[in-house]
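This document opens with one chain alone, in structure tokens, the form predicted on its own.
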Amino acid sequence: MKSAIKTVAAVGALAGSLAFSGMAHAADTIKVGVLHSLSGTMAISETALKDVMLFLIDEQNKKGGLLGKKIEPVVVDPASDWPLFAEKARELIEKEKVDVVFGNWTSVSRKSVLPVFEELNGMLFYPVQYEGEESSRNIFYTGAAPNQQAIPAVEYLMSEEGGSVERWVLAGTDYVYPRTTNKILESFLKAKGVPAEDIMINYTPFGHSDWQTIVSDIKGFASAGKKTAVVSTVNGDANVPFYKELGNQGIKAEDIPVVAFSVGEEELAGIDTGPLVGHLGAWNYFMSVDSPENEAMIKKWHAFIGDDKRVFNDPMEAHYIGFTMWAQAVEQAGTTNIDAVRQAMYGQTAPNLTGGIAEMNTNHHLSKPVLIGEIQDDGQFATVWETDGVVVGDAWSDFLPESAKLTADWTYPWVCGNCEKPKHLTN
């Protein structure tokens, strides 16, 4: 039996061993590009997303594939190198002739590939929380926009239930997602009456490892007598020494809670979580959610991956939702033609793993629930707060004056990602 996985870079034994029958040549298959870092600083987060795409494709092929064809994953490794993401995206679309791409984690990598997808009219499903302030007809954003993660998390911490936080440390990795998210959060906090002197902002490079001075500064900032919290947009493997240093300096959740937007079950799997119990994560899904859909998914995932200790996390759920909707849209359109599938995507629904229904809106963002969870000593999260129902993702933040005027709608008569809202929508 011949393997149908086109491996453009070395992706490990899992990708190399997965095989399908009945595919004599590429014309008989539907090609799905997988564009995730399997090496470098972001591999800690992105490797699992490559694995889950192979799992989802395998599940779909067991059902007979799509349009009578098997699906062939084409895996590349952009190696946490942002310009290389653009090269690999072009390679997938032009050389490999993929019908769709699922990939990217960081916003800088997404910004790198966006012109390629627009130039070549490709389709990208982007599964990670991001800063918003973008809308492209070639990208479906299945992760959280700021109003589906960052804003609710800060509102929770400001509430009595969340500890009535008054001072804020906005700590992030130095690239577009943390900087733009913190710009939105700073504007939001000031609109809520928080003075500038009660907001501390700090950025560190990718892969930063020496956190002693920064954590000490956070302790000093929190010594002013006001309840203080850290809002973390630190990404990648820098989280390991960051959380270790929090533990080294005795920072406990009851004293200075940390809410993270880029730390989930996969990242916690490599950390001694003992000192981190009680710190927070804000996502749209936790593996610990008790629902029949979640239980069934985890059971199938463990059977596929052959390891009951492998976790499932929010961006993996986003890929599941995006892939499910894409497959439905292909069947509805009766073709993999990008323009036809795009139109079929609007209004697509899929069960999310928290027990509700996700819907794709005409602004290319999902309607999703928001959950806040406390880290447990087993590396899982215990949900402490969640929205009542789903929140519609907003491409443009209401807390940035220029963005508040804008809307995104990719259906006629709009067909626009940054149009000014009609006056009746701005009042």
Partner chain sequence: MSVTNNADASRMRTVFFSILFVLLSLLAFSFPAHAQQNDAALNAALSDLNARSFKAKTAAVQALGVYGDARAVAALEALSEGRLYGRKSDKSVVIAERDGKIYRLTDPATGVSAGEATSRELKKIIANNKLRGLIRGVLGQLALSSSDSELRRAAVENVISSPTGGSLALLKSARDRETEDDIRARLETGIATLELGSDDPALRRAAVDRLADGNDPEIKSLLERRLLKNADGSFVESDAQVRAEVQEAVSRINDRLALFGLAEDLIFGISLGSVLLLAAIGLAVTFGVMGVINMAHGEMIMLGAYTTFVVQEVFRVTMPAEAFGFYLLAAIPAAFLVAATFGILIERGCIRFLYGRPLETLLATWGVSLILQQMVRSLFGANNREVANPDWISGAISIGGGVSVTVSRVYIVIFCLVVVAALAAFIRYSRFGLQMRAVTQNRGMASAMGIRTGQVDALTFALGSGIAGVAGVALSQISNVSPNLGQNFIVDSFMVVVFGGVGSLWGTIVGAFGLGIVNKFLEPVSGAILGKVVVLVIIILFIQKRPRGLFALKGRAAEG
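Residue numbers count along the first chain shown, from 1. Model, not experiment: these values are computed from the prediction.
Note that the form predicted in complex with its partner chain isn't included here; everything after this is about it.
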Partner proximity in the model of the complex: Asn61 to its partner chain, non-hydrogen atom cutoff 4.5 Å: no
Contact flag, Leu280 vs its partner chain in the model of the complex, heavy atom cut 4.5 Å: yes
Contact flag, Pro241 vs its partner chain in the model of the complex, heavy atom cut 4.5 Å: yes
Close approach of Gln249 to its partner chain in the model of the complex, 4.5 Å, heavy atom: yes
Met158, Ser216 and Glu295 each touching its partner chain in the model of the complex (heavy atom, 4.5 Å): yes
Answer option from Ile338, Ile271, Met200, Leu189, heavy atom within 4.5 Å of its partner chain in the model of the complex: Ile271
In the model of the complex, segment of 272-280, 340-348, 353-361, 326-334 with a heavy atom within 4.5 Å of its partner chain: 272-280
Heavy atom within 4.5 Å of its partner chain in the model of the complex - qualifying residues of 215-230: Ser216, Lys219, Ser223, Ala224, Gly225
